[in-house]
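Have a look below at one chain only, the form predicted alone, in structure tokens format.
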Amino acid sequence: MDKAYQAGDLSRISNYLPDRIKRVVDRISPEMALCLEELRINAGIPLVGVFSGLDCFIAEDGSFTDKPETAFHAGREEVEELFYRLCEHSVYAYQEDIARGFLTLKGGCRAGICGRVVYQGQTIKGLKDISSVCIRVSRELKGCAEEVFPFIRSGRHDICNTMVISPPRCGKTTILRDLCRIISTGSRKADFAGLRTVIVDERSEIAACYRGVAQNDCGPRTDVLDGCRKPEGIEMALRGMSPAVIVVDELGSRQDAESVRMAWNAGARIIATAHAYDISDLRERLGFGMLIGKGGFERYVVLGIRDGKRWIKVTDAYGNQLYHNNQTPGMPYGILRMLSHGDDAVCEAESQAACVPEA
């Protein structure tokens, strides 16, 4: 088995789980556990596992099923207990994170939280009556960006401004993190010297800082602004840290785009991600037009899923393809069949719908 996937087991989250839920998760086979991307725990409805863009229910014996009536159901008290365990029984200490809707766990995993939203004026103060938790299993795949990196470097001491784009759950943040590690560390293989790098980690997903310590390896020349919004973080980095490269995840607003322009004007390179299916889709998003075309991003790393397998390609600013790999590991076909109720035609339709690469 690929060593990169061995870090994806569920041991990092099992100790947070209440007893009944823990017994179910501990019964999941190692093969399936290594493919699991999310565990969704909702009061009164079936336990759900998410794989590479597809999902199914989890039975009490740890097996996977398409029949919700045979799945394990967590109780409301168990979801509340899980929430307090995730907060290490100190809701106050995690109040700011809770107000943003998620918690970063030791080891780099992240837990999204839903419940009754509590406002103070126009500001979200927190959540109560917790109804569901979505635990995203972090996978730090060191080396996953090594084949891509030579196409974004620009000599030994510089890189191209690069945008990583894909639909949700296709691996944008994983690729971004590894690109950051390579840029910060340097690469003998690519004949590249490391550069000073700052991560503006608004959702604590890239470095996954836990009490000030990054849980993921983002390189020895990397500083992290954790939990900081991108516009403020980019400005803070430029003023205080003199970075050669700024790394940000999920650009989405006109203000984000304007901040990227500000960084470029200050001489910093940007490595960023955004939700989109392709460059044309991205161009139509609010504010992104100013980042695309002449004077904009110079490289695009496009990710997707087909037949449960992840593919990746790199293009330049004019759409010329520089690299394409559609042989990355994917889900076993048996999982795809199960998730599509065993119907070959439905299986084919669902696997293609996830994301089809451009010709």
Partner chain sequence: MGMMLSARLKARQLAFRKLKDILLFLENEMCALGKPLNKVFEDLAKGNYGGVWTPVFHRSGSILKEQSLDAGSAWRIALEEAAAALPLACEDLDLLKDFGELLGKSDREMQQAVLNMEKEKLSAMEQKAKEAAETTGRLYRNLGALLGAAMVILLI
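Positions refer to the first chain, counted from 1. What you see is a predicted model, and the numbers here were worked out from it, not measured in a lab.
Here the subject shifts to the form predicted together with its partner chain, a form of this protein not shown in this document.
Heavy atoms of every residue among 15, 84 and 125 are located within 4.5 Å of its partner chain in the predicted complex. In the predicted complex, its partner chain sits beyond 4.5 Å of every heavy atom of residue 255. Within 4.5 Å of some heavy atom of its partner chain in the predicted complex lies at least one heavy atom of residue 95. Of the heavy atoms in residue 90, some are within 4.5 Å of its partner chain in the predicted complex. The closest non-hydrogen atom of residue 211 lies within 4.5 Å of its partner chain in the predicted complex. Heavy atoms within 4.5 Å of its partner chain in the predicted complex are found in exactly one of 230-238, 95-103, 200-208, 144-152, that being 95-103.
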